[in-house]
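In the form predicted alone, a lone chain appears below as structure tokens.
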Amino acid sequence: MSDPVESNVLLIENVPSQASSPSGGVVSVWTINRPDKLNALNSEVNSALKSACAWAEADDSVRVIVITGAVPNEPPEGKRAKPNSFVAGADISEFEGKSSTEIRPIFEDNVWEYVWNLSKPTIAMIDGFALGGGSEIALSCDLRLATPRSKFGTPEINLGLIPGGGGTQRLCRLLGYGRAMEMVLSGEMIGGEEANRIGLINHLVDEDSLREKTMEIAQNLATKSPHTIRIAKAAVRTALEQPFSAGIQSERDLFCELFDTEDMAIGVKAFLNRETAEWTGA
């Protein structure tokens, strides 16, 4: 396993998966570490996340990626503690004075697409604010778990902006036209329970159980064939990008191609023999 790029603003913890196959797999937990700024995205965080994505994509031992935000620091005596936050948005101070020609390169090579384009499963572990660019990080992940005290929103409209990291598109595909339009135009926040009700998140979990539940799901995914996981993720993504009939054909093609893989033969044999499959990843 190669070493990830070290950064003060992105902490990486690689949790071994004892049941992964091939052996040696890890669940890589990435903690965005700017708690005094509610873990807001700035150029340093964006660069660290992009580097981490490149590392994870190239390292076969990384089976699943979990993205979360640092918990608040203990406040100075007499001061009120900051609220919990996944990512409270972009660091708006970096927008001031920028022109369209200056901002375009930043958003054309953006962190949200790096996360979205990972071939490995990604899980957003959310406790607190997931606003603006933070909600877009969550939307760029494959699965989302959140606590009741979490808050989701796209408040860019209040800055004279719109979501620029894929929020308008991913919200519409996840929630439908009406709900996405209301969130984008109003800029208002919704809580964890409402997010769960409308399908913005996959699971609503209390604060004390969030990591346990997230890691339970991640460790389960880490036991699957890495190759088949990549193909399955690609197949589901075609539903967002292709017409229905083309997506059906794409699924059929990918399904049939898997019959020429080692892992398909291993999986079928293990099932028939009532054994645990020992994947090769091919």
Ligand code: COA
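Bear in mind the structure is a predicted one, so any value in this text is a computation, not a measurement. All residue numbers refer to positions in the sequence shown, first residue = 1.
What comes next is about the form predicted in complex with this ligand, which does not appear here.
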With a cut-off of 4.5 Å between heavy atoms, is E156 one of the residues that contacts this ligand in the predicted complex?
yes
Could you tell me if M189 has a non-hydrogen atom within 4.5 Å of this ligand in the predicted complex?
yes
Check M181 for me: does it contact this ligand in the predicted complex (non-hydrogen atoms, 4.5 angstroms)?
no
Check K79 for me: does it contact this ligand in the predicted complex (non-hydrogen atoms, 4.5 angstroms)?
no
Specify the contacting stretch among 200-208, 116-124, 140-148, 83-91, defined as having any heavy atom within 4.5 Å of this ligand in the predicted complex.
83-91
Just one of E44, E241, D36, E57 has a heavy atom within 4.5 Å of this ligand in the predicted complex. Which one?
D36
If we test each of A195, V111, L171, L131 for a heavy atom within 4.5 Å of this ligand in the predicted complex, the one that passes is L131
